[in-house]
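Below you'll find only one chain, the form predicted alone, shown as structure tokens.
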């Protein structure tokens, strides 16, 4: 049996958790919008055509913020196409995903959906084919009370009150050659600065996110961040990070270690941000928005075989395995371990497209395997992250060395007088005896020990079998004389909740 010891103390805090670290993302891509959040003919559809079964699952996840409308889609999007009478909106060819966009859902519908989902909107603007006007005009349309062209246009569309959207993304993945309007770091840095500056002339208290590298393997990674921040440091509040992990080789040990790459990515970008801060002798600290992250690889072959120029074809519909849920759990732990600098994050995406929620058109909605670690972190991972020292065995894999068998983080919620430990046992064969000294939390007892485990790492949830992979609360964590002991199953996600 493996052994692991955790050490943490309420005095040693990494940082406060911004609830928006549990955000998500909806793009006009595949069935994320049409057939996902919106399906007027569905039996559960509300007065605006939103699927209430999907809304219920989103509210269960307590998603605090949702990024929209892209993604690659936004770099060719005319936001004006998606407002006004639906019957007058044009159909457009979306070059990013080679589909037809009917524009039945646009800005107003999305903002209303967010209200019904108990969430906030994070709006992305087109800095691919558009520029300054795309930012300032949409901002005026959304946030000005009235008495101007764009705000009065919103009111004429039936939305009298301004939306007061605070968080805005200055484009998407502009370092990527696949992006419509792809730019060099100099080109993007200049347009992002000028667009953000114009938007702040209207509303100084906006939160603006500059585009970082699309992933850590981009040839321009590092230099891109430094150049972009050199231009945008004083107008941006965040720089973005995106990453997706795959297991094409069916190498379980290596796949489970990929959150170490996420750690390194975050720490590298933090270092670059602080380099620019020092260079500029600034008192301002740039934070990170990890606004696209997930596992993504299952659907690649099916996507390459589909016909172009359809409305809402199935795209990027990964059917997630139990193994994927463990990796997502490790990624959530990575985000929490860096809560001092990662203040926003968006699991990409929310419905159907590489998503925790899946639907059938005119049919059921269900929770994928990855739904559960996301749910547990969002519901129980509120408060402050404690620096957590992990003493356990390690292993080497194809791409990583010294991979700890235990991935773990501790969250303290002083208001609720609760402590939550999130932990993944990466060992494929052996149980793990986990211990921790709770003298700093004297009087705390186990509330529950939730476990997600399955004998088949490739097990999935489907419409026919939606509860094949589900958590249970029969974990065996105990506290005796301020000593926590728990036995973690091999290949398991664990949530140990402690309180008075």
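Residue numbers count along the first chain shown, from 1. Since we're looking at a predicted model, the values are computed, not measured.
The form predicted in complex with ligand AHR exists for this protein as well; it is not shown, and the discussion that follows is about that form.
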property: Ligand AHR contact at residue 29 in the predicted complex, heavy atom, 4.5 Å; result: yes
property: Residue contact check: residue 71 to ligand AHR in the predicted complex, 4.5 Å heavy atom; result: yes
property: Residue 244, heavy atom within 4.5 angstroms of ligand AHR in the predicted complex; result: yes
property: Contact of residue 173 with ligand AHR in the predicted complex (heavy atom, 4.5 Å); result: yes
property: Site test, 411, 444 and 498 vs ligand AHR in the predicted complex, non-hydrogen atom cutoff 4.5 Å; result: no
property: Stretch from 289-297, 157-165, 111-119, 359-367 whose residues place a heavy atom within 4.5 Å of ligand AHR in the predicted complex; result: 289-297
property: One residue of 334, 349, 420, 107 in contact with ligand AHR, assessed in the predicted complex (non-hydrogen atom, 4.5 angstroms); result: 349
property: Proximity to ligand AHR in the predicted complex, single hit among 342, 209, 257, 316 (heavy atom within 4.5 Å); result: 316
property: Contacts with ligand AHR in the predicted complex - residues in 352-375 whose heavy atoms fall within 4.5 Å; result: 354
